[in-house]
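Quick heads-up: it's one chain on its own, the form predicted alone, in structure tokens.
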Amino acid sequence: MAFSPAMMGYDRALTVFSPDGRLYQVQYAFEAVKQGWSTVGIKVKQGVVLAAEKAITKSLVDVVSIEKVSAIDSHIAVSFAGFGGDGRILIEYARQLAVSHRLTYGEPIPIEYLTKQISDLKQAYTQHGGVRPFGVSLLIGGIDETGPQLFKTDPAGQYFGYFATSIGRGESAIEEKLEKSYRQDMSLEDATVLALKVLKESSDQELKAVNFDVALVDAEKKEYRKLYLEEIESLLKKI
């Protein structure tokens, strides 16, 4: 197999930089994220919504059994795009951090602190031989003492706060739609409708209510809540 002059085998080792300053294994992890199901996160004054598509190609798969949006704690929601196994491991790690923080300090874990701990773990897996980067990006949203928070972590261990963002397939196209339609004074319901709308418009399949996984974290109650199928159907009618 012939390698291009730019690569020359630099993609064979995680800990070796290419002459142009790239870590190719980390870049490949970003490509894995782009193959994942589309996921959207939106933050407004009333709370945070995370919505993900479940576009199944096999007719015998039970779509209802697939969980794309999960709870880390009673005030935090998380979703992922990329390798499902990597996402599951990081979610379990986040839950352990949240429980440990409650037992140690007697209070809910801050959203950014939790995000930083997860990002530190991801970053550690970009600088050690014999391991590979986590091929997954996470959207972490919730309510803490500072109000609604929404963060995105990537395979390189970076994280940023967002008002609205996306991960997975069609990320760029979805974010363009969000930039045109997002308003900070939106209600939580309007934000949920917007999330479903951009996912539906960006998919190459005809998505129904069963093909969505949606969760809200209300700023007043500070509680995670997963939407029922009937609620999603009602919101889809408003699109």
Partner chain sequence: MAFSSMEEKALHGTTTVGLVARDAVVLAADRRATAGTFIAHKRTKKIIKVGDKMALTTAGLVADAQVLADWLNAQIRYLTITRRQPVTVREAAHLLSLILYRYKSFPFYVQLILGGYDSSPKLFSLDLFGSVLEEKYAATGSGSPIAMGVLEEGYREDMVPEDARKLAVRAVQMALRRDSATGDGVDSIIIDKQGVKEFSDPILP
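These numbers were taken from a predicted model, which means no experiment stands behind them. Residue numbers count along the first chain shown, from 1.
Separately, the form predicted in complex with its partner chain exists; it is not shown, and the next lines address it.
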| item | value |
| --- | --- |
| Candidate stretches 164-172, 143-151, 110-118, 89-97, one within 4.5 Å of its partner chain in the predicted complex by heavy atom | 89-97 |
| E67, A71 and S74 all contacting its partner chain in the predicted complex, non-hydrogen atom within 4.5 Å | yes |
| Contact label in the predicted complex: R102 to its partner chain, heavy atom within 4.5 Å | yes |
